[in-house]
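Next up: just one chain, as structure tokens, the form predicted alone.
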């Protein structure tokens, strides 16, 4: 038997590495938001930068937001998981360095080489640009993605090593002895269960992504090396969908760890919790076909499988997390501050973002809605209110000088502005999708422009709120890393 005891004060090296991640995330996130605002302003005809610049920013925005969400989730997961298993700080730093190298390569490929084939880099587009970008620009973009992917693979392999050393197998760190046998109360804590799930699915997704990137890089310089375009698209969307789902599965660890410290109620890994995470470990690997429903060349059974499993995967983790959060908070006397409010809001964002995806995953709806702004409405809700809400909740938690410190009025105003503006921004996307406004178009018809202008206004307000969050975190960097409010919570688990 082994006790999983919370360690209140991380060592200075670990603190520095987590803060380095968060500063990087804050800077890149703000830059990507500005790029998103410029895109909406172009569609709204407020500015005129031209189609080429629009698609370059769209490529950077898509790849950048996915990557930075992954980096944010990794920082949260690593910070809390190291309380239970021995992780390598060197590997953690290596992932950040490789991420920054990859970002520089992507920026060079797009801003200097003018690559604008979108984050999906669908084959054979990178190699057939019709003179819009050079071979080297495409290689820099795809090579940058590959370098970032290698960093994340190293990180997850280190986590896998640490989990197996501590628990003996993934089955035990997922809590299968308690799930399929007698629940003796010694199941691994939620952080360990979630980290195991993310490690399994992300390694699979990243290996698929790295494989197709390597094949496409070879094809770029050896055109006789042919790739099946349908296989390439399937691998790209498998990688992309798994990775972006994993971002919130990593970030939700902040909810599992921080809310119990505020309420003095431990989040227990019961059978329902363990079953939900095990089910999603399997299902998240099979739900990406809803991006491929228009590709009639795929086998019909494959598309139907994605439809059915997509429905099934929409709820297990979300339901147990939402219900668990409500039960932990209910009559707990929780003291609401910026961290707890943002974390609670993030669950609303996650739930709200799942609903449009659930609708879009319906085959009959997908044929009509998937290539409209309905889809950006879904994933902006999921990411902006969900993942980003968890990120800023974690950042406020780390930066709080002590548990009795009152939040400034400006912070609370920024919270309400963030919530209202994010909802307005995402609802503008969803309503535009309902009106059949297509996505990935630089220029919109006159009747669509009013929606774009409303969306641009809400985007500007979101950035204003986020700027307050980031400035507050940066001004507290010297104090960040303290774990408040401290709670003597402990989990028992087999090792």
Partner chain sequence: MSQQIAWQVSLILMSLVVLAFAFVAINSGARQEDYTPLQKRAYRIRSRLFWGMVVVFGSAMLYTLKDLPYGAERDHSGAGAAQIVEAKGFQWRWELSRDHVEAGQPVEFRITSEDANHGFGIYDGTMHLVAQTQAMPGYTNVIRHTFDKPGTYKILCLEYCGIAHHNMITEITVGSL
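All values reported here derive from a predicted model rather than from experimental measurement. Residue numbers count along the first chain shown, from 1.
Keep in mind that the form predicted together with its partner chain is missing from the display, and what follows is about it.
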Q. If contact means any heavy atom within 4.5 Å, which of 96 to 104, 145 to 153, 246 to 254, 229 to 237 contacts its partner chain in the predicted complex?
A. 229 to 237
Q: With its partner chain left out of view, choose which of 281, 270, 219, 88 has a non-hydrogen atom within 4.5 angstroms of it in the predicted complex.
A: 270
(Q) By the heavy atom within 4.5 Å rule, which residue out of 465, 37, 430, 57 makes contact with its partner chain in the predicted complex? (A) 430
(Q) Taking its partner chain in the predicted complex, would 19, 26 and 109 all count as contacting it (heavy atom within 4.5 Å)? (A) no
Q. Would residue 367 show up as a contact with its partner chain in the predicted complex if we use heavy atoms at 4.5 Å?
A. yes
Q: Please run the contact check for residue 412 against its partner chain in the predicted complex: heavy atoms, 4.5 angstroms, yes or no?
A: no
Q) Should residue 51 be classed as touching its partner chain in the predicted complex when contacts are defined as heavy atoms within 4.5 Å? A) yes
Q.
When the contact criterion is heavy atoms within 4.5 Å, does residue 333 count as touching its partner chain in the predicted complex?
A. yes
Q) Going by heavy atoms, what in 116 to 143 lies within 4.5 angstroms of its partner chain in the predicted complex? A) 116, 117, 118, 122, 123, 124, 125, 128, 129, 130, 132
